[in-house]
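There is one chain below, alone, in structure tokens, taken in the form predicted alone.
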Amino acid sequence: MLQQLINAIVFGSVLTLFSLGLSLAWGTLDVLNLAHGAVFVFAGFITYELTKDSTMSFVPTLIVASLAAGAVTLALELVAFRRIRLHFPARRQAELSMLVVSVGAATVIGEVVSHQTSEAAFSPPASAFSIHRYSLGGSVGITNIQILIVVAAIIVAVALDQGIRRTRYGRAIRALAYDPTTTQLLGVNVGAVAAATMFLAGALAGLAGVMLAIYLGGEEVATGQDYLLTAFAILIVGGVGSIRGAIVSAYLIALAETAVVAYGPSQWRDGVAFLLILVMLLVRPQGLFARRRFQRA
């Protein structure tokens, strides 16, 4: 029981890191970035490339891979998403166009990784991170990479939540999410805020991708899509644009999926997330932590 709880917390921490970036982009810029999962895998691939023939330590590898993932997402923002918002003032049309572009970007990134890895799973060498297991009594144990994942998720979640609520950048993000036009009239550099937001979203996906690659011992292109589907469930259950909602629902879904695998038919695991989406849409469509909306005069 305790071991399954540990596994659920670790899984929830990975989902938290992954879904926070997606929530940030969707809630602030209305960008439902379907390339987020591909960026996630891309960071794991960069980790593999950096460590397979070198002795680069874990921390520099983590930083470089996360920055590379952030750079890819920033490039999508500058090359595609920003241009679409400028050319399609109608929100619905812009959202649909960005959705299509992100699907194309995900396909391109996936093909590049598949080509470089010969469509096989790729894994960083054992020398990239020395994994040690600590016994908690009996058959229950936890590894140092699991501890690192949980600590990283807590630090990132708290920092992002407080940053959005208390800093100048956070106020700019909230204003941009509410009304981009008014935000620009108030003197906020909307383009810079959007670029920083997309870079941060990609870097968070990269952070999760690196840690998962080491934790699982490898990844493949399809890994990103699996996590992307679960992240959608997290955002719907928690409420689109809610940082705290994403955190809480990530751990709830992780607990539910872990329980199904451990004590029920494991083939039902993928259905848990979508069952929660269905229940939430019927009971509370706005999500657990929906942002307050105000009627403009």
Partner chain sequence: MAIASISSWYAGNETLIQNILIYALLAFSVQVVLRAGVFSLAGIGFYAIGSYTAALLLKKGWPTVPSILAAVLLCILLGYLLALLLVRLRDLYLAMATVAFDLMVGVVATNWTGLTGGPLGVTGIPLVMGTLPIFLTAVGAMLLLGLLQRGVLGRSFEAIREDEPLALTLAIDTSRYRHFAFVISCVLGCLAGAYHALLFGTIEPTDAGFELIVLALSMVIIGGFRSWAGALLGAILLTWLPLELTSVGSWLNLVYGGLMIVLATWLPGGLLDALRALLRLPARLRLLLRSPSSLAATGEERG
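Here the structure is a predicted model, which is why all the values come from computation and not from measurement. Numbering follows the first chain given and starts at 1.
Here the subject shifts to the form predicted together with the partner chain, a form of this protein not shown in this document.
- For the candidate set L136, V151, V108, A159, a heavy atom within 4.5 Å of the partner chain in the predicted bound form is found for exactly one residue, namely V108.
- G104 is the sole member of G141, G104, G218, G163 with a non-hydrogen atom lying within 4.5 angstroms of the partner chain in the predicted bound form.
- In the predicted bound form, at least one heavy atom of R92 sits within 4.5 Å of a heavy atom of the partner chain.
- Of the heavy atoms in A256, none are within 4.5 Å of the partner chain in the predicted bound form.
- Although the partner is absent from this view, A80 contacts the partner chain in the predicted bound form, with a non-hydrogen atom inside 4.5 angstroms.
- W268 belongs to the set of residues with a heavy atom inside 4.5 Å of the partner chain in the predicted bound form.
- Every residue of the trio V112, H115 and F232 has some heavy atom no more than 4.5 Å from the partner chain in the predicted bound form.
- Residues of just one listed stretch (28 to 36, 47 to 55, 247 to 255, 61 to 69) have heavy atoms within 4.5 Å of the partner chain in the predicted bound form: 28 to 36.
- Residues of 234 to 249 placing a heavy atom within 4.5 Å of the partner chain in the predicted bound form, in sequence order: I236, V240.
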